[in-house]
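The data below hold one chain only, encoded as structure tokens and taken in the form predicted alone.
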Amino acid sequence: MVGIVIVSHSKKVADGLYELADQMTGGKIRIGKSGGTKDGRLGTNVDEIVEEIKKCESGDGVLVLVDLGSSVMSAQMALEFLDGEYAGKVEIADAPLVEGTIAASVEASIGSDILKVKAVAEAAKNLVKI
């Protein structure tokens, strides 16, 4: 199944969203999370993102979801640091973090391929809440 990696500037945001997505999918998929810097401040950690991608890759690919500005750059850098075995297997979604993560996680849990999981995550941009 496609794995999901959550990237946030905040460890608390990443932890909370992981908990929500894991509960929504019943633990059926691999979900990784990277939040904050190594020393506990707000920010991102490229090395941690790389490690979480590796943990979540089971052969079907990994979708990375990000929160704000520099988390996109950090995720892109992480992809550059991955070995060739990950080429073409990791995608970054242009999606809202919370809604996109939940939609992607549920889609992955029913066995959809990475392109479908990414499309569902990105379609979350169009959800109307009220």
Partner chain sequence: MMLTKSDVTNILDVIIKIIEDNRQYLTDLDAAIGDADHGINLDRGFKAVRDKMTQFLDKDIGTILKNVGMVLVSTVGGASGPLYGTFFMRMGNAVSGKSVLDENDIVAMFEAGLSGIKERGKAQFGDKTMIDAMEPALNELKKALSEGRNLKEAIGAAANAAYNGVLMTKDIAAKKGRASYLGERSIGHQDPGATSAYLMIKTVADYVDKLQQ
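Everything numeric in this text was worked out from a predicted model, so none of it was measured. Positions refer to the first chain, counted from 1.
One more form of this protein, predicted together with its partner chain, exists but is not displayed; see below.
K.L.:
With the cut-off set at 4.5 Å between non-hydrogen atoms, does Y86 touch its partner chain in the model of the complex?
P.N.:
Outside the cut-off, so no.
K.L.:
Using 4.5 Å between non-hydrogen atoms, is A95 touching its partner chain in the model of the complex?
P.N.:
Outside the cut-off, so no.
K.L.:
Does its partner chain come within 4.5 Å of any heavy atom of V46 in the model of the complex?
P.N.:
Judged by the heavy-atom cut-off of 4.5 Å, V46 is in contact with its partner chain in the model of the complex.
K.L.:
May I ask you to state whether S58 is within 4.5 Å of its partner chain in the model of the complex, using heavy atom distances?
P.N.:
Looking in the model of the complex, residue contacts with its partner chain do not include S58, since no heavy atom lies within 4.5 Å.
K.L.:
Only one of 58-66, 77-85, 26-34, 98-106 gets a heavy atom within 4.5 Å of its partner chain in the model of the complex; which is it?
P.N.:
Correct option: 77-85.
K.L.:
Listed by sequence position, which residues of 9-23 have a non-hydrogen atom within 4.5 angstroms of its partner chain in the model of the complex?
P.N.:
Residue within 4.5 Å: H9 only.
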